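The chain that follows stands alone, in the form predicted alone, written as structure tokens.
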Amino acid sequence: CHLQQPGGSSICTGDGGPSPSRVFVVRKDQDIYIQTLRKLFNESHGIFIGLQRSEEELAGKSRKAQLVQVSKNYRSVIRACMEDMHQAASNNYQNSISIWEISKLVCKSAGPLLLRLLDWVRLHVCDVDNMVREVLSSENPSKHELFWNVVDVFVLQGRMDEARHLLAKEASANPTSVNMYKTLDDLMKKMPVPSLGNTQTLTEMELKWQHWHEECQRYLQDGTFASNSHMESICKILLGDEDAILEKKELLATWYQFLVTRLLYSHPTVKPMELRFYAQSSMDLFLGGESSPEPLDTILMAAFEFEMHQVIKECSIALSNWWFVAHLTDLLDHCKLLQSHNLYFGSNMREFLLLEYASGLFSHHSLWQLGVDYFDHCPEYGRVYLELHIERIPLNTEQKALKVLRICEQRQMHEQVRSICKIMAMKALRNNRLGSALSWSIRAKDAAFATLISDRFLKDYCERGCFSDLDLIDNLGPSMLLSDRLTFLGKYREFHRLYGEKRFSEAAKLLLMLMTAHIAPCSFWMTLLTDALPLLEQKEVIFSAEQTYELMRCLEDLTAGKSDKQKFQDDDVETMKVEMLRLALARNLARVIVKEGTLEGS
């Protein structure tokens, strides 16, 4: 059973009665209502659409470059979103950038793995920047209490040039230790690190690194840095001493920064398939059983193990909405980095996540328009989802209804077009806006509803003696053929227009046609016959003898059925009308006979 809770949440208690072990609280996605996230959703939508449209246009190197740029664009919009949010609220998005980048770099990115990991850590461990600014802006940086902390952070992140620059300041302030600083500076300068432009083989790199490592070991054993504990600690870090690195645990902040530092100074030529083993041992060493892994740790571990499906699964659980996993999965799918296996209900993972994300957007009063494009790029179930969600959009205004209608028409969603038009026609009719109601019913091609509204127009005319919404009725065109009643409405309005233009002969023919062709409803015949009176009384004879006989027949048909049909509301008035019509018809017939006899005699 399902119990509705305040705030749109519901509780599911399973098939049986309420059970504490089987209670699930389901709540709406609240993130889409956060104002600062609208920028993220809107800008990432543009990136997503651009990626889909260019899929077939680019190939080879151009395609790869484009995918890299798309990834950077996504990262930029996440970062921009973080800057607009308070720190507490932006933690999820800081984590999102970390996951996004590690997912990208452990897959097929250019350059040695260690360089990519170093770039990633430098990008996401930004606490040192404030510390550096504070130290460098002081009067005597080398005497600042955080000086050695900043040097250590630079070394831990492999930022040797910046670390050497700070050490040079310390050396200039302590002339007696210049040789010691020079030795450490020389070791840091000579440290072999893989680079993008370096053509040396892996063996050559390992050999150079081994020689450099032995040189560091020699200086440490000789006690070169024994007089300065800070420099001795840095030398131990250069040697990859895990205890020395873990002593700086507070500066490392996370186990994955410890992992990268450990690889940099112990296994600089690490291969992608070895990464998972170093990652697990680094996490175990860093946490030391003092704390359990956070959701982010689990996600990053899955990424280091190249288990991208597990990354997506864990992100779906840990993150507060579907935005991240939907866009990451789509990008990975375009990069051919996800196995395209079908899920148990038939859709692949990319499509499933895009469908979930787009479905969430449809619960927002304006973001639903973005969801339409996401459904468009889900080839298997997108159309079905769009049809279901588009029918649930509240049509609060006519402008919104037209926007939804345009979307449906562009996609040949004929059933939804008819449904929207009927809803709007009914709303307009309830508000007595007959013109709008008729317009919507014509657009829906709903003959029955068009007939109903046409009857309302005719009733309104009988009560007021004039038509409303003349512009619409005058310009019905072929649309009037939708129903007989609508045809009659359009033609009856045309009769009035011809009469107003004093085109009496044409008006008379049209009036007679409306009656003899049985287009006019029987209930309206008396009104039509009454409209014929002014034409019968014209100085010039308008109706011919044959036409006059037809009018007489119609009048007799109407009065003959009087006893069998509904009685007139006011018998005296109706009787007077009938008598006046008979008199006018008789007089007109006499005039016609005289006129036609005169013409024949001449």
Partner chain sequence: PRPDPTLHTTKTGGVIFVQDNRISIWSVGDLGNVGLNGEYQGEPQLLCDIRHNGDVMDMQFLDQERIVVASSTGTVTVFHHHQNNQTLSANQRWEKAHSHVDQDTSCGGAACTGVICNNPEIVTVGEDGRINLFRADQKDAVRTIDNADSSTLHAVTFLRTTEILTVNSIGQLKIWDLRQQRNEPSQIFSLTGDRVPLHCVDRHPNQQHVVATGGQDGMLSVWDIRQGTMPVSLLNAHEAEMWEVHFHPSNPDHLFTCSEDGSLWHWDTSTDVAEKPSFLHQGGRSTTYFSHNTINQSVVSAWLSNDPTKDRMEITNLIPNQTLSVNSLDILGPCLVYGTDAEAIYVNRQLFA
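Residue numbers count along the first chain shown, from 1. Quantities reported herein were computed from a predicted structural model and do not represent experimental measurements. We call the rigid core whatever largest set of C-alpha positions still superposes within 1.5 Å between the two forms.
Just so you know, the form predicted in complex with the partner chain exists too; it's not on screen, but the next bit is about it.
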Original post:
Taking heavy atoms only, is residue 538 within 4.5 angstroms of the partner chain in the predicted bound form?
Top reply: no
Subject >> Distance check, residue 289 to the partner chain in the predicted bound form, heavy atom within 4.5 Å >> reply: no
Subject >> Partner contact for residue 427 in the predicted bound form: the partner chain, 4.5 angstroms, heavy atom >> reply: yes
Original post:
Can any non-hydrogen atom of residue 399 be found within 4.5 angstroms of the partner chain in the predicted bound form?
Top reply: yes
Subject >> Non-hydrogen atom within 4.5 Å of the partner chain in the predicted bound form for each of 370, 431 and 478 >> reply: yes
**OP:** Have a look at 383, 365, 518, 336 for me and say which one sits with a heavy atom within 4.5 Å of the partner chain in the predicted bound form.
**Re:** 365
**OP:** Quick one: from 436, 233, 142, 310, grab the residue that has a heavy atom within 4.5 Å of the partner chain in the predicted bound form.
**Re:** 436
Original post:
Pick from 276-284, 145-153, 463-471, 203-211: which stretch has a heavy atom within 4.5 Å of the partner chain in the predicted bound form?
Top reply: 463-471
**OP:** Answer yes if the Cα of residue 457 shifts by 2 angstroms or more between the shown form and the other one on a rigid-core superposition, and no otherwise.
**Re:** yes
**OP:** For residue 497, decide whether the Cα shift between the shown form and the other one is 2 Å or greater, given a superposition on the rigid core.
**Re:** yes
Subject >> Cα displacement of residue 468 between the shown form and the other one reaching 2 Å, rigid core superposed >> reply: yes
